[in-house]
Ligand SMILES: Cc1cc2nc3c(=O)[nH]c(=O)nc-3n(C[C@H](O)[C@H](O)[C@H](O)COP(=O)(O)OP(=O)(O)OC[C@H]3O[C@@H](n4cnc5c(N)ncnc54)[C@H](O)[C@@H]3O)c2cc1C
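Here you get one chain, nothing else, as structure tokens; it is the form predicted alone.
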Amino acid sequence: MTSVQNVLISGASIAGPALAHWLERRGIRAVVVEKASSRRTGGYTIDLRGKAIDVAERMGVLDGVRAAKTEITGVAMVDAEGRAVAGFGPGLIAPEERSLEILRGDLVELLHEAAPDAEYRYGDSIKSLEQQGDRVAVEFDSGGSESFDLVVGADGLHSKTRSLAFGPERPYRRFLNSYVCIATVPNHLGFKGEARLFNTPGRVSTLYHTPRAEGAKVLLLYRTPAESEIDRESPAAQRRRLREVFAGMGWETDRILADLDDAPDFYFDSVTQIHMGAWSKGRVTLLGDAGYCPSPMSGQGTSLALVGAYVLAEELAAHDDPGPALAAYERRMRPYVAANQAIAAPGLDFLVPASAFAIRARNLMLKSGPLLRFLSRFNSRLSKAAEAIDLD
């Protein structure tokens, strides 16, 4: 029997509740602390692919995921006048039976329901950590303190747990020379289960609709040769930067920029990966984006979080001592993480070609029909990366 019986998880988004589920099934107490005041709803589309589908099935949430699919039937590349010039359906990027798209908030709800006995503490976060032999003493921002057998940072790209245990974020960041904005705006084009994407060199403006949510979702992404601190500035400053970059781009972009002022869920961040030589230090370990963020351009952050939670819980249950368990977790996950981080650059090139020639070439390729679908479905790096771990 494992000596780990009392685990603190920082972060109640995807990785945290998934881990709480697996710990709960093994009789291990899970306390989940989350800085947000309540469970986060809504959000943008995310994907479950490959082995993450298997993990969802083992959790008992796969039927719920399928029932909550976004039902986006295809993506159209449009010109400045909104005319479709190319496009693809949901089966192009990966086999549909091994790839499911769902809203982030819907998956969060399913994962919380799958861990009903976990203790969630909203509106609080870790203030300090102190390793004390076989325990970790934790002080919370709320003023309380408690000790745990293990602390797991599942608190995202800008993980506070990581900064407390491993130091500042900067040495672990790998900036992919781009910034992204995602938000909800009015569905003024009357979309029904579709997405439209407009490119100019180094920029993309996207609108999509899912029957699972009100309004439309917007994604704006731009390339830049230099990293700045704009992702740490205020939302008002970020909106100003978006207007500087995208104003006058064409299509619906100016209206999108105006609608961002009233967006209830404005999100802006750098497109960044996290690369670390170790994900564990003593009795503190990292899970999901906190330890190995692949960036949105890989499309695999959710899958890494779900699979990582499964593997971490499995190894904790299989070892008496957390040291060998955490080593085994890293050993099993690293090839899978590396494969999924490696597909981010091709993903960026596909979504945001850097030149007018590259945009035309992509659109022509998308018109090539059955051959392209065959190559994409069975030989794509994404499909291979999504399956690149043995769960048994």
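What you see is a predicted model; the values in this text were computed from it and never measured. The first residue of the shown sequence is 1; numbering continues from there.
Not pictured, yet referred to below: the form predicted in complex with the ligand.
Chemist: Please identify the residue among Q273, T302, S280, S178 with any heavy atom within 4.5 Å of the ligand in the model of the complex.
Modeler: Looking at Q273, T302, S280, S178 one by one, just T302 meets the 4.5 Å heavy-atom criterion.
Chemist: Going by heavy atom distances of 4.5 angstroms or less, which of R334, R66, R362, R40 would be at the interface with the ligand in the model of the complex?
Modeler: If I apply the 4.5 Å criterion carefully, the residue I get is R40.
Chemist: Could you confirm whether D47 comes within 4.5 Å of the ligand in the model of the complex, counting heavy atoms only?
Modeler: D47: yes, in contact with the ligand in the model of the complex.
Chemist: In the model of the complex, does E34 have a heavy atom within 4.5 Å of the ligand?
Modeler: Heavy-atom contact with the ligand at 4.5 Å: present for E34.
Chemist: I'd like to know whether H319 contacts the ligand in the model of the complex, with contact meaning heavy atoms within 4.5 angstroms.
Modeler: Output for H319 is no: heavy atoms all beyond 4.5 Å of the ligand.
Chemist: Though only this chain appears here, would A12 touch the ligand in the model of the complex if you measure heavy atom gaps against 4.5 Å?
Modeler: So A12 counts as contacting the ligand.
Chemist: Can you tell me which of 245-253, 222-230, 291-299, 143-151 lies within 4.5 Å of the ligand in the model of the complex, counting heavy atoms only?
Modeler: Flagged stretch: 291-299.
Chemist: Residues R104, D124 and K160 are flagged as a possible site; in the model of the complex, is every one of them within 4.5 Å of the ligand by some non-hydrogen atom?
Modeler: Spot residues vs the ligand: full contact, yes.
Chemist: Would you mind checking 133-153 for residues with a heavy atom within 4.5 Å of the ligand in the model of the complex?
Modeler: Not one residue comes within 4.5 Å of the partner.
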